[in-house]
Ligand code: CMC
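Consider the single chain below, provided in structure tokens and representing the form predicted on its own.
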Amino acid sequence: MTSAPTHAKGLEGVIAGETEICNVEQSALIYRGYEIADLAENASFEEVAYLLLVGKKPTPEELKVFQSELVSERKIPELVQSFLKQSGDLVNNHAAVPMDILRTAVSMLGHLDAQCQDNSADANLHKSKRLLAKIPTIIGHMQNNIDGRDFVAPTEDLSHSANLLYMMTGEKPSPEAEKVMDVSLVLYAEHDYNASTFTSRVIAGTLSDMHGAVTGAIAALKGPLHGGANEAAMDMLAEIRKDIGPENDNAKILDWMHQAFEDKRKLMGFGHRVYKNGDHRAPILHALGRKAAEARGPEFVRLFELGEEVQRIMETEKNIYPNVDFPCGMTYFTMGIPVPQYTPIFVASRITGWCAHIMEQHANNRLIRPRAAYVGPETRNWNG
């Protein structure tokens, strides 16, 4: 009998392929050669989306054309709108959550896209732009229906980030809110072979279509160990606030954390499979979120102070650092975004990385088919 092949649980540390899109290192996160802090400081989300999808930094004229294309594709088909008119009932009265609604709506878009079955580079790029443009509209219509309001039509005079906020509320966001959202989308846009991206590449590797691969990626992102961590982190902070009372009593926070440690509870928004010394996206978003909290008032500042104490305890006692989902939860809450929409907003950003990887997989494809180490019973006879 041959010995079982070696393996890594969860594929940890395994190099599963090559990519030109993103490099994740302990000290840097790089999109096509550009470091994330540089992009967060100096590039708009539309520029980053173009970089990821097209493969290069846009010229001013290329950016203008790209923005115009996105604006022209914001409206969604009537059939998808009809489905979204049921989203409030599905979420409020049944078992669905917003990520389920978004997953189904994206799948429906595939039925209505004339290029759905075409995996050529040109068709894939056009589909990528359409998905990028339409996902904020899906999120907005969904939230409008959940809240019992009429749909807000997409507008032509707002950026991708501002339009995303506008679609949910019907109010044009302040420049400060637009900037916070824009940077958060830049930070979430791409992260090499994470669970959802790898899912999309496995699906694309069968030569399935882009809408199918993105639908699978959304399903993967929904999980609380991946994209859903930003929602789970905010839920955890809300639980701590409820348990300790309205004031941030550090002794009570410490007691709560020690009980969580004793119960071996998984504290969401902390730790990362790759970043062992801290996710360098986290302080970028934390700084922006705290500034927004200071502008909104003491209640929101107290939330960040609570988060900072939780973070201090985790770092001091467990040597575990926050990932970007931890400040994201606090930041989006400060902006008034409903918690169940945090992960759909993640999709509004990561769609760029997914589509870039799907295009890369289709362009240089090999079926992704790993082996498994069998640990079941030895061979035996059915009749005896």
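The first residue of the sequence shown is number 1, and the count goes up from there. Note that the coordinates shown come from a computational prediction; the quantities given were computed from them, not determined experimentally.
Below, we turn to the form predicted in complex with the ligand, even though it does not appear here.
Where, among 176-184, 139-147, 210-218, 273-281, do residues come within 4.5 Å of the ligand in the predicted bound form by heavy atom distance?
In short, 273-281.
Tell me, which of 341, 323, 334, 349 has a heavy atom within 4.5 angstroms of the ligand in the predicted bound form?
Selected option: 323.
Answer with one of 85, 312, 265, 75: the residue that has a non-hydrogen atom within 4.5 Å of the ligand in the predicted bound form.
Contact with the ligand in the predicted bound form is made by 265 alone.
Is residue 153 near the ligand? Define near as a heavy atom within 4.5 Å, in the predicted bound form.
Taking the distances in the predicted bound form, the answer for residue 153 is no, it never comes within 4.5 Å of the ligand.
Though only this chain appears here, would residue 126 touch the ligand in the predicted bound form if you measure heavy atom gaps against 4.5 Å?
No, residue 126 stays farther than 4.5 Å from the ligand in the predicted bound form.
I'd like to know if residue 224 sits close to the ligand in the predicted bound form, meaning any non-hydrogen atom pair within 4.5 angstroms.
Residue 224: contacts the ligand in the predicted bound form.
With a cut-off of 4.5 Å between heavy atoms, is residue 229 one of the residues that contacts the ligand in the predicted bound form?
Flag for residue 229 set to yes.
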